[in-house]
Structure formats: C-alpha cells, structure tokens
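Next up: just one chain, as structure tokens, the form predicted alone.
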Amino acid sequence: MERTREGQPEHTALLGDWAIGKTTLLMHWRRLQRQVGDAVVLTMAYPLTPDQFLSSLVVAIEAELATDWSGRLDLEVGLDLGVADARVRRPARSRDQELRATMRRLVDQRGGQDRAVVVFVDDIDLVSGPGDVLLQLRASALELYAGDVAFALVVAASSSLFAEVRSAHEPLVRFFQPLPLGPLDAPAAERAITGPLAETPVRFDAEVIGQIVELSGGRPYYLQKLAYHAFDAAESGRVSPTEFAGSFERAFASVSQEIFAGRWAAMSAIERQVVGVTARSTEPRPSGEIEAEAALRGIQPPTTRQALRRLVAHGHVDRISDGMRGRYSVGDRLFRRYLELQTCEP
C-alpha cells in the first residue's frame, strides 16, 4: 500500500485453498485501508464469462464512485452481492475501454494526497478462463500506469491459479506477486481455540482441542465452526469428548451446506466419480491406480486424467508431484467425509 501511495504499485495474488481465510483477510484489509482514507473496491467473482466479469467490475467501481465517501456505510458483502443482478445485464460495449475509463475516474476522484487506490477481486478463478481475465486486467493496469494513473490490483484465488493458466503463467507471476496463505500449524491452531476461551468461563478438554485441531487441518474457517458449535454444547462450563461428538455433527452440517454442497453441485458427473475414487484412500494414490478403478466404472483413462486436472485446478484434490504422473488425494478431512456420504454405494 505504501508503494501504491508513492506511485509504484505492487499488484498481488493472494493464493490459498478454501476455508483458509482469503475473503476474511480481504475484508479486514479493506476496513484498515478505509480507516486511513484509502479508496478500496472489493468485488466477488462469480461463474461468469470474462466479458461478463469485466462488466461486473465496472459496476462495482461505479458503485464506489456513486457513494458519498464521508458518509459511507461499510456494507461488507451486502454491497457486492447487491449489484450482482446488474453485472450480467450490463451492455456489451468495449469493456476494456470502459474499465480503464472507470478506473481512471476512481483514481481521479479518490486518489491523490497520499491515498492508495486498490481494487480487490475475490475468487477470480471462478470466472471461466481466468487467465484471459488476468491478462486483460494486466493490460488495463499497464496502460493506465503509462499514463501516470497508479493503483493496485489484488486478486484472490486457489493455490493452483497460475498452474491453471499455463501459457500465461510467466508474465502474470511477474505482474501479480504471489502471496500464499497456508493453514495454521498445530500450535497456532490450538492458540486460536484456547485464546478466545480464556475470556469465557468455558473450557474444552485437551482431547477435544486435539480433535478440533486435527479435523480442521489448520483451516481457520473450520476451526471457527468446530469450536463455535462445541462452545454452544458446553455443559457446566466444560466440553468433553461426549459433548463434542454431538456438536461435531452440527458443525459438519453447517460447513457442508455453506461450502461442500456448492462445490459438489459444480462438478460434472465424471468429476464426481473420479473425486469419489480418489477420496476412498486417506493416502495419496498414483494416477494409474485411480485410472484403473475409474475404468471399472466405465471411465476411460484419458477422461480420468482430464478430470483429475480439473479437480486439482479447483482445489478439490491435492496433487503430489511424482514424475509426470503424480499422486492424488483429498487431504481435507471434512470434505473427504462429505464425499464418502455422497458416493457411498448400497
């Protein structure tokens, strides 16, 4: 942000798996920057075409321009979702030029006087052809920068964003500085549970804390859900393994509804079968082994390999490099449990 205020923006790609805290971090940054007078636009990407997305970004910036800065309400997601309907209906006219003109107006009206102007885009990999979108954003930013219009772009996506865009990888990595966001390690995850509890009369048994840490895999969103429902189940100021067992089912149902159901619905029928095969083992499986089992279900090996690539790109499956073929697993324990329930055979 300091570099942006000095006229030398450093564009950033915040990369991490789902439930890792990308959206929360962007919202936190937005609040901090607005407190010091910076101009910030935060928009959420959707499964749109590149042209539709660029139009949606113009709408989000115009919403920022149309709002009185001194009396602005911090609507968080409300504003972003409130313009969703207008996004896909925007006229299809020279979107690149319209975006640059709108960005220039944003800088002219909100920038200057040591203020940063930043555009945040969350979940940009939900857009079809994210590589094309990133290249268009890069081109717009470079053209504006050449005209002494400086602002920063921050995009958030899954860890595999640049691997997915392949041919555009090198110029985009040079332009969007990758900032990886990983899970908490075990001690930090434990502190994330015990720290807030210290301010309450409730205590979790050590075994319960260990279970939450293990089940969450260090993902902050899972930690929050599991600990919240456990806290809600406390009896006499204590949560034992018995209370946690009941609260876990409620937490799992909540996470499934909010995250897993949508990801499952977005998969093709073949992807569902392939991810189900992959999730059958807790250990990484060679691609050949997955292909052989999928073949018993009528899926040809080339189709399985293609499905695995898509599943990795969308963060459903983890790939461990092992030569050209690799090994695959579903490392997220909660998601693996969800898949087991969805793909269980009678």
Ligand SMILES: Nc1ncnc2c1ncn2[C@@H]1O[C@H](COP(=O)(O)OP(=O)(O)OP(=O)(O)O)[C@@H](O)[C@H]1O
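None of the values given here were measured: they were computed from a predicted structure. Residue numbers run from 1 along the displayed sequence.
There is another form of this protein, the form predicted together with this ligand, and it is not shown here; the text below is about that form.
On the criterion of a non-hydrogen atom at 4.5 angstroms or closer, are K22, L184 and A192 all touching this ligand in the predicted complex?
Checking in the predicted complex: K22, L184 and A192 are all within 4.5 Å of this ligand.
Considering this ligand in the predicted complex, which of Q136, Q224, S247, T102 comes within 4.5 Å of it through any heavy atom?
Spelling it out, the residue with a heavy atom inside the cut-off is Q224.
Please check if G217 has a heavy atom lying within 4.5 Å of any heavy atom of this ligand in the predicted complex.
Contact check for G217: no, nothing within 4.5 Å of this ligand in the predicted complex.
Under a 4.5 Å heavy atom criterion, is D123 part of the interface with this ligand in the predicted complex?
Although this ligand is absent here, D123 would touch it in the predicted complex, with heavy atoms inside 4.5 Å.
Check whether Y338 has any heavy atom within 4.5 Å of a heavy atom of this ligand in the predicted complex, and answer yes or no.
Y338 lies outside the contact set for this ligand.
Can you say which of 47-55, 304-312, 283-291, 23-31 gets within 4.5 Å of this ligand in the predicted complex, counting heavy atoms only?
Looking at the other structure, the answer is 23-31.
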